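Presented below, as structure tokens, is a lone chain in the form predicted on its own.
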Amino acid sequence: MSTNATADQPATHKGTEMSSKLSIALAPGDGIGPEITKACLKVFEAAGVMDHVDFVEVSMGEKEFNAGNSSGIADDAIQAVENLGILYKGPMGTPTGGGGKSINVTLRKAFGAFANLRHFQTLPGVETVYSKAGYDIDFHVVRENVEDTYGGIEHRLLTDVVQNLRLITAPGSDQVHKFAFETARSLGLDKIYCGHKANIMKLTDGMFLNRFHKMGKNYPEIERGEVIVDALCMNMVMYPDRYDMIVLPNLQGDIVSDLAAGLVGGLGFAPSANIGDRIAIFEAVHGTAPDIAGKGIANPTSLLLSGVMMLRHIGLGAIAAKINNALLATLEDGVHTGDVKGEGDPVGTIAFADAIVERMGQTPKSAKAKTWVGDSVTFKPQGTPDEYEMMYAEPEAKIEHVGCDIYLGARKKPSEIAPILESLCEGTPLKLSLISARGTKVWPTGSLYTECVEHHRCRFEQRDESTPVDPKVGIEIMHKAAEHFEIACYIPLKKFNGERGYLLAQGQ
């Protein structure tokens, strides 16, 4: 492993001769991270990976947090990843309290790694409820990686009310759907399901689902299916061999992929790749396990399988297959770490790696051997763009303003608020059309069983649909309302090419 390379200069060997190998940024991680990383590198060495690759260690994680770096990532580590284009990383923790945020999320978003790919498969020697029942699980989950609630755009609006903005974009959806279809094509899969909640979140999940079907028309050989995410979770538990690939928005994909890991033995057996147009991150997604750190008993399987995905990504498919098959043969022979149910005494982290090395070149007997091809590096770093790139999916729509939603903070009943607002919009092109409580209409009609909080959505709409509305009108009403109430939020209501760009309230 080379650790003397700078962010913009690959590692060198034998004097001043420049290496022709591909340099990959390496972050061993925290807790058990360094131990399992060492084990994986040992397997890589035996498989011949080091003939093609140099690993350049970078600093991120607990060490950076402790030094007062709130991002947890050293500046030269960021530069290294941007220049090299590949990051291989162990598990990293997020500080409890303070300002530190998840390094995993930060890396994915900062580097535009928009698609998370995880492969879940029944592994020989790994006993689960489903393996005992005879299920052969083998499917992929593709998760959108940078949008949705993971944008982290949250506000405390009122004393009792907080808000999270959930952003779904057409270009972001197109990116992950194209990746899913391209990956399915390369794997020879003939059907993809889109998991969603568009029956409730009709605009956000609705856009994600619509872009799925639109992108799918470019891949006529691949069948498309759709499934509501709660039903999907039930189906995965009851029929875990039903799906070959599922693509989902970020939060739902996070939940579903962890559920899927549980089907095959846990996060310790779930590899993860985060793929962008320029940068890819391959990581262990399980925790840092501080309770066993330093004891030499951690399971390196997840990080090793993530490394297998990385080797395929850079063009070393044959080596990836050799490692994968040696791992399967090792598990098949009953060699396992302490977290795995099985016969025989468990072995430590390095002993497990040694067992894989001993079986290098072997193929499993009970599991299907991998036959991937590729014996030379095809990945080439693309370098940092000169400027932020703008993405567009459709021609810009014709926008028509038709009203506004003003969210007020007041510990008053809707019947007390409405007369004041009606007087404020008198003589304007807008009228107060409804007040809702947590999305449900409570004025001018509604059920008295609907409980209200201090957060009131007050919707103002056109008095005459044939009369255009200047967006300034709603803002002026908001200014007047601010003299009477706390303003929590203001949202203009618009039509896009004549179609309403907002939902009706429940009960409207």
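All of these numbers come straight from a predicted model, not from anything done at the bench. In case it trips you up, residue 1 is the first one in the sequence shown, and so on.
The protein also exists as the form predicted in complex with nicotinamide-adenine-dinucleotide; that form is not presented, and the subsequent description refers to it.
- The stretch that touches nicotinamide-adenine-dinucleotide in the predicted bound form, counting heavy atoms within 4.5 Å, is 291-299, out of 234-242, 249-257, 291-299, 152-160.
- Put simply, residue 285 is close to nicotinamide-adenine-dinucleotide in the predicted bound form: some heavy atom of it is within 4.5 Å.
- Heavy atoms of residue 104 reach within 4.5 Å of nicotinamide-adenine-dinucleotide in the predicted bound form, making it an interface residue.
- In the predicted bound form, no heavy atom of residue 265 sits within 4.5 Å of nicotinamide-adenine-dinucleotide.
- Under a 4.5 angstroms non-hydrogen atom cutoff, nicotinamide-adenine-dinucleotide in the predicted bound form lacks residue 27 among its neighbouring residues.
- When nicotinamide-adenine-dinucleotide is considered in the predicted bound form, only one residue from 354, 339, 174, 405 comes within 4.5 Å through any heavy atom, namely 339.
- This chain appears without its partner; in the predicted bound form, the one residue of 183, 83, 363, 94 with a heavy atom within 4.5 Å of nicotinamide-adenine-dinucleotide is 94.
- Contact residues in stretch 176-206 (any heavy atom within 4.5 Å of nicotinamide-adenine-dinucleotide, taken in the predicted bound form) are absent; none meets the cut-off.
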